[in-house]
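Next up is one chain by itself, shown in structure tokens, the form predicted alone.
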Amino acid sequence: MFDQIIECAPLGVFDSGVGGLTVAGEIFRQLPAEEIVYLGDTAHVPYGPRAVEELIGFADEIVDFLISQGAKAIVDACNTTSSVALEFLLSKYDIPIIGVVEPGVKAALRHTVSGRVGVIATEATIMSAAHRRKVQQLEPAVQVYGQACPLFVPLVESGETNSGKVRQVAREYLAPLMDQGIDTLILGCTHYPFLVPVLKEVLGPDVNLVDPAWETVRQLGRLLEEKGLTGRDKGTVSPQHRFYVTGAVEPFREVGQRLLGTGYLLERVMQVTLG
């Protein structure tokens, strides 16, 4: 009976806002039997300019909330907190928790030919040098070039993903990386896959874009199998996903639905206060 309860328990997913929906979408596709409980900390978005101690505090409160909702495993779908808070979370909680930095790095190392890899991310993620450290650990000869992109998250959170302003900002951010001759670019924030059409347009066809969401969920699937936590096939019964936000519900629902597309409906969105 206990094993059945664990199997039916949801997966916890969190991010500073709508960005983690890229990971949620991959869970829907790769692990369709799994239910998720998602929290977007929209009251505090963007995370990039915030202090490390503050980010760890946010992540701690969020994980505690997701565990209270019955989560059997948690994906820290925010590169910023994955960069600065994951070690703390793993030391405090017994529940399986995975981040998005390592999966993104491993995917980039499979793609690069020149050994010149770029990373675009928030200020906090770039300052943490988490991607560079992981690359040096796995492939010391590969060069990593980081670029903070502080305007990208607010643009995505507002639903602006394919405008002239986005193109202008993208050209400014990507120019230094193109000058370095990168052949692979890690999207070091889960908001950024929503900007892929513009990023491809600016970078051209010779640069591989790495979205860590796919690799993260593939790793999550392996982890669930190893731990005996894989959800059961519910047949014709659809998983009942739940979405929580710390800010206003309607902006998240409206922008999130537009970004996810009509294939997945954000019906159960609720506001919650943490702490």
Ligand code: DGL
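For every residue, the number given is its place in the sequence shown, counted from 1. None of the values given here were measured: they were computed from a predicted structure.
Here the subject shifts to the form predicted together with the ligand, a form of this protein not shown in this document.
Contact annotation for I36: none of its heavy atoms lies within 4.5 Å of the ligand in the predicted complex. Taking the partner from elsewhere, V75 is found to have every heavy atom lying beyond 4.5 Å of the ligand in the predicted complex.
By the criterion of a heavy atom within 4.5 Å, A170 is excluded from the residues contacting the ligand in the predicted complex. Under a 4.5 angstroms non-hydrogen atom cutoff, the ligand in the predicted complex lacks A107 among its neighbouring residues.
Note on the partner interface in the predicted complex: the residue among I98, A71, V153, L177 having a heavy atom within 4.5 angstroms of the ligand is V153. Exactly one of the stretches 133-141, 189-197, 158-166, 88-96 approaches the ligand in the predicted complex with heavy atoms within 4.5 Å, and it is 189-197. In the predicted complex, V45, P46, Y47, G48 are the residues of 45-65 with at least one heavy atom within 4.5 Å of the ligand, listed from first to last.
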